[in-house]
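Just one chain is shown here, as structure tokens, and it is the form predicted on its own.
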Amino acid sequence: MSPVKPLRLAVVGFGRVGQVCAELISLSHDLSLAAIVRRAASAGGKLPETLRSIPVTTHIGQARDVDVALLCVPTNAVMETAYQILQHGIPIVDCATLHGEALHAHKNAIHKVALHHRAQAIVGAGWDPGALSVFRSWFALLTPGGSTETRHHTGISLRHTTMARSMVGVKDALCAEVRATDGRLQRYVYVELEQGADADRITQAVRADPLFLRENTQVFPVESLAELEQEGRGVVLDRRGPPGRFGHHHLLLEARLDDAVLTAQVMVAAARALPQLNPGAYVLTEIPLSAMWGEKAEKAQQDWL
């Protein structure tokens, strides 16, 4: 059997999400980077060393043999960019940060154009909406009649952070606060240690301090606090099922993340699914999960089922 031809992707827009998309594609075995499409004002900008051989254009029509275009442009520019690319019959994936009725209207508008040009489109394919929407949907399916709360920014406690930083052996510290599953406040203390410092001793000292003594405190030594802070966002997805004869279930997803990186991961995965779809527009909850694994679908099924 001859090997499957890699799917050729164009990255449209080269901000943070576009750059990560390009890097992910360049590291993939089943995808190839056909072109980077940039605004004329920035088309001459320097690319990372690993991408220097990739053609840079100012219009999708100048790119050759493009199977899918990843629209890594601001949300207010997505619709116009999508129209231009779909008119060439090129399938698209966008990461428009729209929710509710706004996302529904966006999908309907893209759907009409995609059908007219016999192309596929996946819209809102990022972290939120996108992957987080899938988690919300599954949580709701598992606990019908319940309620969901989404908290996007993990609170930072400056007072607790200052105390942790003052401890001997701690180079830097960051204290975040979240709600535990029982509703009580919980402290997460991330500490970057001085060379040779005893992590166990510092963990015990933090928990024994009067500021933390009556609180549920978790201490996490990290190699680089600066890298952790660059991740930038936290989210807690809290789903509480209704009381009744089927039990009172409580589902909790907690994450600390770089949403630009996760958005790029979702976009690249969604691109793999496009060839299996009929023309029209879709959101992520309508896409079979196996389709987004691409050539790794069979292994993923063995690993995760």
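What you see is a predicted model, and the numbers here were worked out from it, not measured in a lab. Numbering starts at 1 and runs along the sequence shown.
Not pictured, yet referred to below: the form predicted together with a small molecule.
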Output flag, Gly13, Thr75 and Asp259 jointly within 4.5 Å of the small molecule in the model of the complex, heavy atom basis: yes
Proximity to the small molecule in the model of the complex, single hit among Leu284, Val17, Ala281, Leu9 (heavy atom within 4.5 Å): Val17
Interface residue in the model of the complex among Gln120, Thr217, Thr161, Thr97, criterion: non-hydrogen atom within 4.5 angstroms of the small molecule: Thr97
Options 236-244, 61-69, 37-45, 270-278; stretch whose heavy atom lies within 4.5 Å of the small molecule in the model of the complex: 37-45
Partner contact for Pro91 in the model of the complex: the small molecule, 4.5 angstroms, heavy atom: no
